[in-house]
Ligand code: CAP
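Have a look below at one chain only, the form predicted on its own, in structure tokens format.
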């Protein structure tokens, strides 16, 4: 049966996928039909069990094809997908099709979810607006750090580093992606020690401070850790959304914990980095928003250490903030950030962003507190419309940071 209909216009009830693909041994357009078949009701041969009613109601349609760009768009009837079941949806549109031998490269570039599927997911509980209400930070980017070194500190040492960052001017402190319940730093003890130091920092600074503990584990254990965070007064939890899986993320979102969910994208490059194969970060961002994260790492807007460009990361940010009937997700910039590139970053990203710096704070020559102060000074300079060079003349911590990481900004 044919899945090709280049005259078809997708309806509002269709789920639409855009694919990039390369083929070997068959015509390009035929490969598009095979992708459509394998991701829906078909297979490699004619079926005696295929009914006309199934063809009529459930067959997807390849409605767009471009040989030059090697892209095709496929519209799937919404009834092919179980609502609020992202694993099932992805098992269709990003499942067996990646194993088709005629398709040498395949990349899921974009997905447009119909309103019925969007409404079936909870979406963010807080989002940008809720996070700004929680923190009281309204007219500037958020400043965050990651405890460094990633592994090795005990619970008290971890909490002390967090405290130094908070009193230096950081808003948010988070665990790194591979810090869990370690023998040298048990989760329960770390939570209690760090939140105690958070309270101390809030009392001393008069500012709201946030701690984001990484609860990533087996799903039932994640729930226990999230509850422990809540019991001890923590407002945030962090989840490695790809390594833990979409189903576990949805379990956490639907558990009624009412915690802000910070989404780390550890492992994403295995799917997103190869531009001719895998799944785009744009798709991952859309899925994470539907399920219900409140903030998500999207890159460093081309100014940090991670691969990516300003244009790409702005696309992801736009996906997190577009009007689809769900709260908007706060973008997180991370990876090789330091005070010397804050002006460039904010110019690209705007103020709805978390500037998440690890080494760019803890690597300051005068320590974590001075590094945090330097980062806060850099943000203040940009918000006030003052150059980093001019601001550094009367702010020693920023000047030291610029001398180390961005001496060109002082010339």
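This is a predicted model, so every value here is computed, not measured. Residue numbers count along the first chain shown, from 1.
There is also a form predicted in complex with this ligand; it is not shown, and the following applies to it.
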Checklist entry - Of the residues 160, 230, 122, 148, which one places a heavy atom within 4.5 Å of this ligand in the predicted bound form? => result 148
Checklist entry - Of the residues 321, 224, 177, 235, which one places a heavy atom within 4.5 Å of this ligand in the predicted bound form? => result 177
Next on the checklist: Since only the chain is shown here, I'm wondering whether residue 335 would be in contact with this ligand in the predicted bound form (any heavy atom pair within 4.5 Å).
Outcome noted: yes
Next on the checklist: Please determine whether residue 264 contacts this ligand in the predicted bound form, using a 4.5 Å cut-off between heavy atoms.
Outcome noted: yes
Checklist entry - Quick one: is residue 358 in contact with this ligand in the predicted bound form, heavy atoms, 4.5 Å cut-off? => result yes
Next on the checklist: Taking any heavy atom pair closer than or equal to 4.5 Å as contact, tell me whether residue 297 reaches this ligand in the predicted bound form.
Outcome noted: yes
Next on the checklist: Counting any heavy atom within 4.5 Å as contact, can you tell me which stretch out of 248-256, 264-272, 71-79, 198-206 lines this ligand in the predicted bound form?
Outcome noted: 264-272
Item to check | Stretch 219-248: residues contacting this ligand in the predicted bound form, 4.5 Å heavy atom cut-off | outcome: none
